[in-house]
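What follows is a single chain, given as structure tokens, in the form predicted on its own.
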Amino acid sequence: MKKENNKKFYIKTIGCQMNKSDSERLSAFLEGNGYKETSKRNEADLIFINTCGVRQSAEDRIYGLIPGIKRENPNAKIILTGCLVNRTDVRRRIEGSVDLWFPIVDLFNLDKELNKIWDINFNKNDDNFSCRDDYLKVSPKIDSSFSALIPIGNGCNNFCSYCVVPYARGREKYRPVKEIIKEIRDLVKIGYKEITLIAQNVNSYSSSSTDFSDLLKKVNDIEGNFWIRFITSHPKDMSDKLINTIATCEKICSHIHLPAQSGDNKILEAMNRKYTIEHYKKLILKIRKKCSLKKFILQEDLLPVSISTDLIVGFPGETKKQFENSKKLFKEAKYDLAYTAQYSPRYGTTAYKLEDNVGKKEKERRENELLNILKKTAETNNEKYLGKRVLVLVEGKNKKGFYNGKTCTYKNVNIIENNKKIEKGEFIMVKIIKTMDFGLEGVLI
């Protein structure tokens, strides 16, 4: 039975899907103990800011966000969690504006901390209070009715020189197989159509004698019509066994996100990425050979696998010649999608000690060059869809009033159909009649 306390909370989530998943668990934990969620932060008694520190731009958002909250809701208690919670430099800057600095991994102690603020006795019989060894055991309040993020673990052991994640989230810790399978099976039973396994490095997963490939097979064996996605993979852990599993399991989506971060070996070494660009390119070739034109659940026409990546431009010391190797990679890999970023120093990382000697304008120029290559390769890849019949998972309507969704290869599809009512979370068959660089258009079959 929930303990009512008449207090309202608001959660602002910044950053990756892991942060979104954490917020879903935070929301469930609070509601399970009497707090009520509100979509209006000016009505909230507690305002949680789930922070991201991967880029300076994400960090800067909180410096503008907190003063705004203080102005519109001066009586609210501000609680900061997420990747910036342990950063001493961030604390020094805004300590006077934050009421509680709370690491999400300590979610099972949140009742004690909030009790200090509100003097409320929590209901200790609530199921979520039995999860004190691991916050990921808290049942989430999932934002979507058809698509779920399933964290299979937390933390990172890789220590890439530019990345704060190992310091923010600690070392890798993975959930037991049975726990993950039960969560997914329960969601599929109530109609979820898309299951996305998430972790800082999903393909590092290990629990007892089960690796990530084994886990994927077990999820694939769950009865029901649903898609399996996963992010993010580290190239050093992308094994032949895993590629074969992706190629042969009919529920695993034909989209692989494989961050390269650079196309130059010296920069990769400085980033502590633990692979060479030659190894990375061989992986791309294997994936395209094994996973293209695979048989896929409910899909009629066979589709080529899609590959996306992350890449940083302007890493300290990156010369124009080294950047040319990143351009070469983009041309050879023929990505469908890429998330490029201009390097920004991250406090506490190894690269923070290096001179950030590539200017802002040069970083912008390099990023634009990569985006121009990407547009061409993405458009060429999408042209292969013209006339194809593809299965689309409907996500809603776009600004023009057309239904839209994604294919198993993570292609955005606008459905040029206004007359028929289509439900969110429904699988529908669409014939592609138009292709663009980052999208497709089709009609209902």
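For every residue, the number given is its place in the sequence shown, counted from 1. These figures come from a predicted structure and were not determined experimentally.
Only in words, not in the display: the form predicted in complex with a small molecule, which the text now covers.
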item	value
S306, heavy atom within 4.5 angstroms of the small molecule in the predicted complex	no
I181, heavy atom within 4.5 angstroms of the small molecule in the predicted complex	no
Contact of R55 with the small molecule in the predicted complex (heavy atom, 4.5 Å)	yes
Close approach of A341 to the small molecule in the predicted complex, 4.5 Å, heavy atom	yes
Within 4.5 Å of the small molecule in the predicted complex, all of Q200, T232 and P259 (non-hydrogen atom)	yes
Interface residue in the predicted complex among D356, E362, D106, D310, criterion: non-hydrogen atom within 4.5 angstroms of the small molecule	D310
In the predicted complex, the residue from H255, R346, K251, K294 that sits within 4.5 Å of the small molecule by heavy atoms	R346
Answer range among 158-166, 321-329, 142-150, 284-292 for contact with the small molecule, defined in the predicted complex as heavy atoms within 4.5 Å	158-166
